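As structure tokens, one chain now follows by itself in the form predicted on its own.
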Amino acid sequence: MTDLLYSETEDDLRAAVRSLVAARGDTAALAARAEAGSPYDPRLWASLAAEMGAAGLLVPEKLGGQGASHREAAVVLEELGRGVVAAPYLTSSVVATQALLSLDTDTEAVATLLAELAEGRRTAVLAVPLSAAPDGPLPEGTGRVTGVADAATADVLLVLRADGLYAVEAAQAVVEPLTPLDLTRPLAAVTAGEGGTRLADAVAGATAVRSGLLAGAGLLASEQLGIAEWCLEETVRHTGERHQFNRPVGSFQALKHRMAQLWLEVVSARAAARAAADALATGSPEAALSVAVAQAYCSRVAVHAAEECVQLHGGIGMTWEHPAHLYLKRAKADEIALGTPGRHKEALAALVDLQAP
């Protein structure tokens, strides 16, 4: 394991993404767009993916990317979590990109699509349910797949069929928008049918899909860390400014204990998320173990932090105007994304040969 502290380059990247999100990631506007059914801000995505080059962090330079690693992508996701940004970064720039990188990148179709994703000119998603775990069952065939995240806005769908993995233009598939709990990460049902460009045979395709899901689960922990950090900081700020009986609400011991406990959980979540990102970046043989630990822990921390944020804000935390509900819904949706905490605990037990009593 390498140093888990943030490097100077990662700090610079964080500052750039945070500045962009602060300038264009207005949560009131996001809530309005989400309610209208189109949560994405195309200008923000263009700045993040193309101008900043964040979409190509995982892609080697020879294929048109930035040649960075999962650690840098994790920093981007931390900031996108802090701003509860609606953007297809996790699904396209991490999961789909990682799946393509696991294939033969000398193949023209794979290399061309990777270059397009790295430049932010197109987005792609795996046609699997958002809840699909890295070691869980995968859809195969031409049937309808429900709960596919970001499929409604994707340009390309990566479809696993019985005879291989295909890249299917979204226009050639039937994509039916669904109503998700988290309006900032749209879901859809996808029926890809026949056609498309075959990228790999069935075995290589399934392996690539699982690689994409593993990277997605590992880096999702960083998004969850960002959610938890914002919720804690916003709660501490609010309870320090809100007064009752001529005292800041946050000075009451019962509330201080709750926020202190949450701080401990956030610190631990940061260690788990960083370990998963580093294991993926270095190709560690314990990557699956680190990812399972991170997902089993960070999912619960994000939900706990969001719940505390809503409750400790009192009445205003229950309103539509305050962004706390956006964070709670994202945290709850992330809790079942790419495998539930229970599923990852089972995976962890199997990896360390811990038998159930």
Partner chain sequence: MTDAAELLGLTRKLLAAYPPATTDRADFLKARFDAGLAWVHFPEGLGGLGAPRSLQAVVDAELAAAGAPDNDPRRIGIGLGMAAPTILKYGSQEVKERFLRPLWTGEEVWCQLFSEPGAGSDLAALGTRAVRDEATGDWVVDGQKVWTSSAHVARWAILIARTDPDLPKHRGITYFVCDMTDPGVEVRPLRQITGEAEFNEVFLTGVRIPDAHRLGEVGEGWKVAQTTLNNERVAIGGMRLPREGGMIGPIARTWRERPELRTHDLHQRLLTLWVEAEVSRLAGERLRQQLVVGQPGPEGSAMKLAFARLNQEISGLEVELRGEEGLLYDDWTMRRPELVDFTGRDAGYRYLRSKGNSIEGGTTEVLLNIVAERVLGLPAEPRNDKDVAWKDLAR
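None of the values given here were measured: they were computed from a predicted structure. Positions refer to the first chain, counted from 1.
Beyond what is shown, the protein has a form predicted together with the partner chain; the following relates to that form.
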{"item": "Contact of L48 with the partner chain in the predicted bound form (heavy atom, 4.5 Å)", "value": "no"}
{"item": "Contact label in the predicted bound form: R270 to the partner chain, heavy atom within 4.5 Å", "value": "yes"}
{"item": "Interface membership of S251, the partner chain in the predicted bound form, 4.5 Å heavy atom rule", "value": "yes"}
{"item": "T239, heavy atom within 4.5 angstroms of the partner chain in the predicted bound form", "value": "yes"}
{"item": "Proximity to the partner chain in the predicted bound form (heavy atom, within 4.5 Å), stretch among 324-332, 30-38, 293-301, 54-62", "value": "293-301"}
{"item": "Answer option from T146, T207, Q261, T107, heavy atom within 4.5 Å of the partner chain in the predicted bound form", "value": "Q261"}
{"item": "Single option in A275, L213, A118, L187 placed near the partner chain in the predicted bound form, where near means a heavy atom within 4.5 Å", "value": "A275"}
{"item": "Those residues of 319-357 which, in the predicted bound form, come within 4.5 Å of the partner chain by heavy atom", "value": "K345, L348, A349, V352, D353, L354, Q355, A356, P357"}
